[in-house]
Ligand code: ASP
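The form predicted on its own is given below as one chain in structure tokens.
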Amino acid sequence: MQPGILVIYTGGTIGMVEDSETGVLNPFDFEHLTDQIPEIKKFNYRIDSISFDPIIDSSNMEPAVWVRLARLLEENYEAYEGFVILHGSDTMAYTASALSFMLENLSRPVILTGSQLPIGMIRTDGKENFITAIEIAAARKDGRAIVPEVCIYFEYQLYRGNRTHKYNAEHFEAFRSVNYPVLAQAGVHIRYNEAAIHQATDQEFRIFTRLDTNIAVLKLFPGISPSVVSAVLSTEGVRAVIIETYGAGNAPTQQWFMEALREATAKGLIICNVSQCRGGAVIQGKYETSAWLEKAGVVSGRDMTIEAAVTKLMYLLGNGYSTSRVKKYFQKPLRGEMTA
């Protein structure tokens, strides 16, 4: 039986072709996908596609689209062995992180990919990204998917989606996963790092579509003013704030700053500590400049990416958990997004 792969095109550079007369980039018709990528005819797979109409620029990605994607996956889950989502690269790590939390007990690959150059251009990186993403989505061993999780495939590397960030806007190697090893390396062969890949369970697949966006991100910098900190912490309706701290989770020890955080947590605001560094982890208490955060009720994001922290909070708050449960689960790995 041929593996069935569903391709979902949300938008982004990969699905563009250049008009020969005007030079303008336009999305191509996915009904004629094999005209642009004739190589996929060589796959012994059944490949179907769904294209968003209108397509969505990566910069306009929002939680409502994540909900739409989750529902599409749920509706088509039993009909296909794997899924490939074509997506703009700018917010791909956010979408991959969000879907990792929204899709529970996943036993099929959900591979996000895209490109830095349109697929209709001669030097495009889109063809290789797309072709290999399809092959990974279809890959099975002993009747089970090899990579049953939400991933990003880009430039010969397969990453866990909620461990990934975009770090380069010009190179084809646009993504990195600093705190977690790659799940697969594509060369002459695709070599899977099976020890790093999540193992599927036999529990029933289900989706969560309630996301609460009442969160804020406060990035620290030398000279940040009390008025800026106060404005973020006291924003009406905000339920949680992620503070991007220095190094291993360090923050200023000025009296006004410490008091502002203590007062906010005492009023029930959830404050989470995520490092500005892409590599390494928050270790509250390692230095004097972070020990007080623990006492003030700030919770550690450990080695989570900011993308994972943002979407995880949306997911936890959306589930209606109490403040104490949100704090508890934020500090626990739910989908492999942090190191245990």
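So that there is no doubt, residue numbering starts at 1 and follows the sequence shown. Note that the coordinates shown come from a computational prediction; the quantities given were computed from them, not determined experimentally.
Same protein, other form: the form predicted together with the named molecule, not shown, and the subject of what follows.
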item: Heavy atom within 4.5 Å of the named molecule in the predicted complex - residue from Ser177, Thr265, Asn250, Gln116; value: Gln116
item: In the predicted complex, the one of Asp212, Asp90, Glu173, Glu244 near the named molecule [non-hydrogen atom within 4.5 angstroms]; value: Asp90
item: Heavy atom contact within 4.5 Å of the named molecule in the predicted complex, the stretch among 277 to 285, 298 to 306, 37 to 45, 55 to 63; value: 55 to 63
